[in-house]
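The form predicted alone is given below as one chain in structure tokens.
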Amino acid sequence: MNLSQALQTLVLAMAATCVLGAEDWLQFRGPRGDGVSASKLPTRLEASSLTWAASLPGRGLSSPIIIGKRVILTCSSGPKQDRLHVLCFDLEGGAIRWERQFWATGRTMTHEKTNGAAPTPVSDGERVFALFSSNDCAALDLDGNLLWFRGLGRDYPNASNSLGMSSSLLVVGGVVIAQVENDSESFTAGLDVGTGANRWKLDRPRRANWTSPSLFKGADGTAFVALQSSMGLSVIEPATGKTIASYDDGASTVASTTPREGRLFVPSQGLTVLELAEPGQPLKQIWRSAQLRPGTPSPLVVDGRVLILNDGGVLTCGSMTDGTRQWQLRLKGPFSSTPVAAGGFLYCVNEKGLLQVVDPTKPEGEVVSELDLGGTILSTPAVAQGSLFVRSDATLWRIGKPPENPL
């Protein structure tokens, strides 16, 4: 092999290594909002699978997001949960890179199971947007410098509920989508990424709602946002907030819609699969299954399978084509966290901190390994850089390492 060939081989190997696990995880449930990653993670978990653990200054249900070598998440602390934290950790070693703290301007009262840092932050790759249960929203650059702060609870004083808010943000086309739905002053707003000012504001059904908005694309590639509520589903244009289609047969106010391959898997009447046939027309129902009924965790769609996990720990697998139930597997529950999928395997963490890896390709599903993290975990994991990121109230873990450079 001559020098030129050796250099070409080196470049290709480095490029391949960068591609493996290189996809960032910029929002709740990952880049497509469906909880699925192409990354291959360790499937036989043991104590040595833990890369690092970092201590956290307060409670949180929010998921981590990963932007390059930064791992970002939120916490709330203090007896009244009125101290709001945005933290950035180094992906390689877990050391803290920066932390920003804010005082809550809105209501901080929540149910004891949740807390002020329930919504997952979001990034457009240049900025981080963090929303808290108090309806305070902060925008920072990747070095933690404050760009703007918006107290939605001050602007809309009745926009809250006694259990706490938890809808995660979505960012698309220069607009931050904030779903602030409750029993009183219920709305969804499109905030300008540069200023935090309203670009638009929609009145929404007056009922407490903890679901998060979902981004999906129509047949022509146009991006739309699905807003779920107890009334059903509204499809809106992210730039204007204009409603272009709807589904009015009710839906969960806890488990969120999962977008996958142009379809919407909605926790409604069990599970209902919808498709946007044409803007301005009602959403088209593809199929419905009463046997596939999500609990708190949202649906997952992987390799032609629909996977539903209820609160007690029963994992149900159905056909993506028609919803026919294929098998059921009892995991060790209970569960609040939504599973994520990587390399075809499911990673499910229960409320007691037990992480279970499931192979859904087996005829009846099979748990292939377990790892006890030893803390209460209610948040959904994140996947990036060949690793799984999991947080409890006290600790953030990185599990697994990216492939070693063969050269």
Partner chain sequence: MAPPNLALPAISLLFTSFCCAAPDTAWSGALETIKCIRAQGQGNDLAKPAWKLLAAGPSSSIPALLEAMDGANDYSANWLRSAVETISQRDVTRGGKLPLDELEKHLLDVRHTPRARRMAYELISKTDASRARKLLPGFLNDPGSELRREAVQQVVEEALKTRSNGDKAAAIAGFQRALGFARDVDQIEGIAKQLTELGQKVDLQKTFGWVTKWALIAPFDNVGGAGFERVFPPELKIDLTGEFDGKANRVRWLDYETRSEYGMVDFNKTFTALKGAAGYAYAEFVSPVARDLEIRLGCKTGWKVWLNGRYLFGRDEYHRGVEIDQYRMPVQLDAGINRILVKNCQNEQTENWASEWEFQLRITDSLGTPIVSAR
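The structure presented is a predicted model; accordingly, all values stated were derived computationally and were not measured. Residue numbers count along the first chain shown, from 1.
The same protein has a further form, the form predicted in complex with its partner chain, not shown here; the description that follows concerns it.
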{"property": "Location of its partner chain contact in the predicted bound form, chosen stretch of 315-323, 285-293, 257-265, 181-189 [non-hydrogen atom, 4.5 Å]", "result": "181-189"}
{"property": "Listed residue (89, 216, 210, 335) with a non-hydrogen atom within 4.5 angstroms of its partner chain in the predicted bound form", "result": "210"}
{"property": "Among the candidates 272, 229, 167, 160, the residue which, in the predicted bound form, approaches its partner chain to within 4.5 Å (heavy atoms)", "result": "160"}
{"property": "is_contact(residue 200, its partner chain) in the predicted bound form, heavy atom dist at most 4.5 Å", "result": "no"}
{"property": "Residue 142: touches its partner chain in the predicted bound form, heavy atom cutoff 4.5 angstroms", "result": "no"}
{"property": "Non-hydrogen atom contact residue 103 with its partner chain in the predicted bound form at 4.5 angstroms", "result": "yes"}
{"property": "Residue 278: touches its partner chain in the predicted bound form, heavy atom cutoff 4.5 angstroms", "result": "no"}
{"property": "Non-hydrogen atom within 4.5 angstroms of its partner chain in the predicted bound form for each of 148, 154 and 194", "result": "yes"}
{"property": "Sequence-ordered residues of 63-96 touching its partner chain in the predicted bound form, heavy atom within 4.5 Å", "result": "79, 80, 83"}
